[in-house]
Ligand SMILES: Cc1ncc(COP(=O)(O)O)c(C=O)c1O
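Form predicted alone, single chain, as structure tokens, below.
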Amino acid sequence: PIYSLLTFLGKKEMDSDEFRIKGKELIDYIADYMENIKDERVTPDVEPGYLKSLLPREAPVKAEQWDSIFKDFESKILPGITHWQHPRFHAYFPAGNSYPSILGEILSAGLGIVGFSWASSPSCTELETIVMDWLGRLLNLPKFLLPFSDETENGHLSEKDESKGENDELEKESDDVILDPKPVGGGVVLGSASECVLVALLSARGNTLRKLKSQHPFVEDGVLLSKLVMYTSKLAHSCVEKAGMIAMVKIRLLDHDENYSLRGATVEKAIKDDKSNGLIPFFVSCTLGTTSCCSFDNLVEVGNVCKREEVYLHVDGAYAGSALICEEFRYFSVGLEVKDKYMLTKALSVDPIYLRYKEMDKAIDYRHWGIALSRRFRSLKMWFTIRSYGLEGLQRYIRGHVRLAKYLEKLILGDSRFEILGKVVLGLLCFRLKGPNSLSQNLLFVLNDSGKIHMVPSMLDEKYVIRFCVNAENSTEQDMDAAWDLIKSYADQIIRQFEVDSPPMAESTQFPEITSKLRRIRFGISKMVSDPRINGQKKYRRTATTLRLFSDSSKYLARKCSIVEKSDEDLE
């Protein structure tokens, strides 16, 4: 009655009474959504720009009722949602949602803190340190990477060890910034894998430039920067290349071996070649579980090269790294014992007077460990999730996804029309229809357009493959069977149409120049962002010529290529 009276009198902003009511309703809504998501389309049936015509041009001047706002969410926003938690969402990687993490997110938002320093919220800083130590031990990381090793107290060297170790050398370096006191190891929660790569690269670049400047004090900083070069595999995530662009350093994309792994000899040769040309190698990024096919770079070989050449090594374990909580997958991490010497906190430290406080010589400030100053209480979500599942529950989650991927692998290998590229190690596999790439590409298009399943493509040794990743937490063998039935059903249609069309002219040796351009048309719009070769690639608008050169079964693909540039005359 009180709420109704206040509404009648014109008080429309949400107060604590309404928050209690609507908050409980929202929890029920989320639970119902998670339980019934399997009945929805995986991907929305909308076109770009659909939402603009449904929402007002201007923001509202007066407050609106929650019920009215939420009604618009259900009728206008929700229809454009791709359901990442759907049991048939097999694109990209798992989003890692769970009920404990959702509740932790709500609590974090409710507290509304900005944890840039210990003083800004002591619990935020200290819980992050503790949770990262938990995580490091769960992953069986080397002791020197942990916040709380046997030789440290609260993440710092004990008094008896203050005069020992590499920290002495670091202390001698003069600098204007104030550092966290004698950090030994530790981890930090950042917003994304992209941010992790960028922070690692900026840290390595900063320390390298500082060292070079001490050796060449009269050389301009820009000249030194122009000589820096970093290295990664062609299968590395696109965020590595983007980080290089942001840091303004040269990047070498190196070839992989037959197992899609970056090897030490390849890195060593590239480093020696660049040194002979007057460049300065300083950073290598390896991957545990590449985006394209979940392959693993050889950390032992590459790590030894980096140690010999005094080059910083970064390991991206955004996907496969979590599997290290299972003993049977810890062989992935062999090579992490190659210890990096640089201090993350030194390269990114900025210490204005308004952020200083009296206890700062005793505490860690995570604002020095990344780019952002405004830091959310993300460790709270991790704390709730780790405690709610326990190590056994988390291991069961990882092993369940691996088991389902192996189950699907057997189904696919039982059909002679398909092949699998790369090894199925974790919850991801890459498959394709045998024959020209257009078969697999058309298959993926029709599968995704059906809205019943969602996957994304990749390219491995010029072969177009379909990536299938087990994502949903509670996926079952029945979900794998349903996905396989859809794949087979649409494959039947694609193959029948291909046989009717008979050999597509686009593959004919009579038109080698046109064939090459059409390959770029076919693959340019569908390569994953992890494929570095897509960057800067020109795309072509659909023309009568392109349609003539495609067989009937491939015209669907050609229609999807109506992007920019190039005319019939260019192709002819």
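Numbers follow the displayed sequence, beginning with 1. No experiment lies behind these values; they were computed from the predicted model shown.
What comes next is about the form predicted in complex with the ligand, which is not displayed.
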Report summary line: Checking Ala405, Cys239, Ala323, Cys430 against the ligand in the predicted bound form, the residue with a non-hydrogen atom inside 4.5 angstroms turns out to be Cys239
Report summary line: Answer key: of Leu411, Ala318, Ala491, Leu348, within 4.5 Å of the ligand in the predicted bound form (heavy atoms) is Ala318
Query raised in the report: Which among 378-386, 185-193, 416-424, 475-483 is in contact with the ligand in the predicted bound form, heavy atoms within 4.5 angstroms?
Result: 185-193
**Report entry** 4.5 angstroms heavy atom contact with the ligand in the predicted bound form for Thr291
**Finding:** yes
**Report entry** 4.5 angstroms heavy atom contact with the ligand in the predicted bound form for Phe116
**Finding:** no
Requested in this report: May I ask you to state whether Tyr99 is within 4.5 Å of the ligand in the predicted bound form, using heavy atom distances?
Outcome: no
Requested in this report: Decide whether Phe93 counts as a contact residue for the ligand in the predicted bound form under a heavy atom distance cut-off of 4.5 Å.
Outcome: yes
